[in-house]
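Presented below, as structure tokens, is a lone chain in the form predicted alone.
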């Protein structure tokens, strides 16, 4: 399940007193980016192979065969899975018992350096630019770039770095539901998002659909994106009502006759649907819908206080603690 060697080489030495050093964090972030760029997670590979084997129509089957050939070639040659690196971002799970030499400024400095280095070393396309002048520094680093989001995990002595290279054109749809909308309103919102994104050419199916229900408007956007990016295919929410909704929405999305890259197909439009919830206003329910393209890229590296560094198949972003409820 874990790999303590990866591409980190000589940095796997015990950590001296004073916390995890910046150099080790930089190499871990670099390795997470490398994995995200070149190596699809095993759950994603299995999903694509399964869809290829199930597909009965010629054109989408040919597309799925190309997808499978492509991810094998990318991993073997250590080249990007997709020519478009999308929008590189970092999700960091910080153990409550972890210390960083130099503090969080050192951590963020290490992440930004690693992002610039991997952009150069793997010849990743630099997408990050000034939104008005379009000035592009050429390294995917800039104002609020790369995005870094944090969660804290109790009784843990590690920092887990998850790099995600998310297709830039894939936006998040939103609507505000009222009590009367109920489950039919949720179904309609997902169907509308599939139709609208498809009409505008903003999906590259098969996709992972993330749905965020509740919280505030910005929360629903965020948890929808996290649900699509950070949960493995086949995972189900621990709340049985949410899990049942995930199954229902997946069946619905795959009943439309839309196959790989929009061709008429039988294997389905989505590899999975993941729903995350947040407690919300009693009268209104914000809802975000996010579709993650077939280049489902994430790389996870965990750095422990004793200097051990391991790659992991999935991030621990959605833990029991992160989904906790009630007063503690």
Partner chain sequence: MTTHRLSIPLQEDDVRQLRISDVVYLDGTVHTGRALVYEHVLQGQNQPLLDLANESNVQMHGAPAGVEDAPGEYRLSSIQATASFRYWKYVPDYVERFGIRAIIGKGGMDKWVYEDVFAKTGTVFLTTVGYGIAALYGRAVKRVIDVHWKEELGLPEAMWVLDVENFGPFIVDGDCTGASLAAEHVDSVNKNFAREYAKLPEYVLKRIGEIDHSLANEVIVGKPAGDGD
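Just so it is clear, the model here is predicted, and its values are computed rather than measured. Numbering follows the first chain given and starts at 1.
Absent from the display: the form predicted together with its partner chain. The rest refers to it.
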Using a 4.5 Å heavy atom cut-off, state whether residue 264 contacts its partner chain in the model of the complex. yes
Contact between residue 151 and its partner chain in the model of the complex at 4.5 Å, heavy atoms? no
Looking in the model of the complex, any heavy atom of residue 42 within 4.5 Å of its partner chain? no
Taking any heavy atom pair closer than or equal to 4.5 Å as contact, tell me whether residue 120 reaches its partner chain in the model of the complex. yes
Is its partner chain close enough to 30, 99 and 238 in the model of the complex that each of the three has a heavy atom within 4.5 Å of it? no
Contact stretch among 22-30, 298-306, 273-281, 255-263 - heavy atom within 4.5 Å of its partner chain in the model of the complex: 255-263
The one residue among 250, 177, 87, 141 placing a heavy atom within 4.5 Å of its partner chain in the model of the complex is 177
In sequence order, which positions of 88-104 have a non-hydrogen atom within 4.5 Å of its partner chain in the model of the complex? none
Cα-Cα trend for residue 201 and residue 49, given that in the model of the complex the distance shifts by 3 Å or more: closer
Distance change of 3 Å or more between the C-alpha atoms of residue 254 and residue 200 in the model of the complex: closer or farther compared with this structure? closer
